[in-house]
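Next up: a single chain in structure tokens, the form predicted on its own.
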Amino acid sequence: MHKFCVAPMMDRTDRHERYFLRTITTETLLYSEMIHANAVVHGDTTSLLKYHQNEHPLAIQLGGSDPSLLAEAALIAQNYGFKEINLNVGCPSDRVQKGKFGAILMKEPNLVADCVKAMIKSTNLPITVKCRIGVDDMNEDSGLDNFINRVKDAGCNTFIVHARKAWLEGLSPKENREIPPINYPRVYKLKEDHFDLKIVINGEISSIEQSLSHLKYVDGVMMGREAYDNPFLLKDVDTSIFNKKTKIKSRKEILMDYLPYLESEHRQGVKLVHATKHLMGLFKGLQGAKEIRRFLTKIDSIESPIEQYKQLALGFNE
């Protein structure tokens, strides 16, 4: 299931984006945005966890560090039909640190282990962990090994590893995705040392060719920003990664396959821009892309927006 995944991304992988991606690839494992366990348990749960059945296979990523709260949130997520619970131990933002979750938890492997144990006890879904190869001055060898071993002993057998450290002071989340050096061999070695674990690699993966190269050493690949900024590259995933004999879709076919969803959302009173904003990267490198993006941004103010969208889609020759 983890052979190719699209990363959970705040303000990106909402239900509209996931449905859109599902029109391009049926096999890729998709993730929700990170949702704090407290919001799942005490917030507007239905709104937060709402999704379309077509989005499956679909996993939820939870944030938090309270074992009992995470256990309760995991059970709720199971009841909503998610296929996997992923614990965020990789986000380096200041807000996340103050809430004592995300990457800062790599410094507390025993606490992460307690969280994993609690979620495993409360649900029969797979519990996975997304982490970095280290934080701050943590040793990328011994420190990561200690973390993995402790959480493995708690019952987690799948780790999604962003192949760079997180620096919790001095770097922004964006800088933490770019400045610390990428270290793919460290993740490869993790798989070599833990053949019984499923290891999924993440970080600066931007092509199908690169993904196939990583798959020689690890069990799966997780692509992040490139999947959002250039989603058309995902058209090759099902055939090249999963060896499915399916037709590769054109942009026109993708846009038309998204049309019924837009019609349904429009009937329910949802602003179309919430769904069309995720299409911007589909036109990367195309002539006239700027005008198309302007249209999609202003779609709610246009007369007969669904019909106008349909004409846009039909106008594509590829």
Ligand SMILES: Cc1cc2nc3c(=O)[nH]c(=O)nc-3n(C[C@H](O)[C@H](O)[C@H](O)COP(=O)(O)O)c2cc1C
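The numbering used is simple: start at 1 and walk along the sequence shown. All values derive from a computational prediction rather than experimental measurement.
If you look for the form predicted in complex with the named molecule, you will not find it shown, but the lines that follow are about it.
- For the three marked residues, P8, M34 and H162, a heavy atom of each sits within 4.5 Å of the named molecule in the model of the complex.
- Remark: of stretches 134-142, 104-112, 200-208, 118-126, the one touching the named molecule in the model of the complex is 200-208 (heavy atom within 4.5 Å).
- By the criterion of a heavy atom within 4.5 Å, K310 is excluded from the residues contacting the named molecule in the model of the complex.
- Residue contact with the named molecule in the model of the complex: G220 places no heavy atom within 4.5 Å of it.
- Contact check for P231: no non-hydrogen atom falls within 4.5 Å of the named molecule in the model of the complex.
- In the model of the complex, the named molecule sits within 4.5 Å of a heavy atom belonging to G224.
- The partner is absent here; in the model of the complex, the one residue of R177, K152, K189, K100 having a heavy atom within 4.5 Å of the named molecule is R177.
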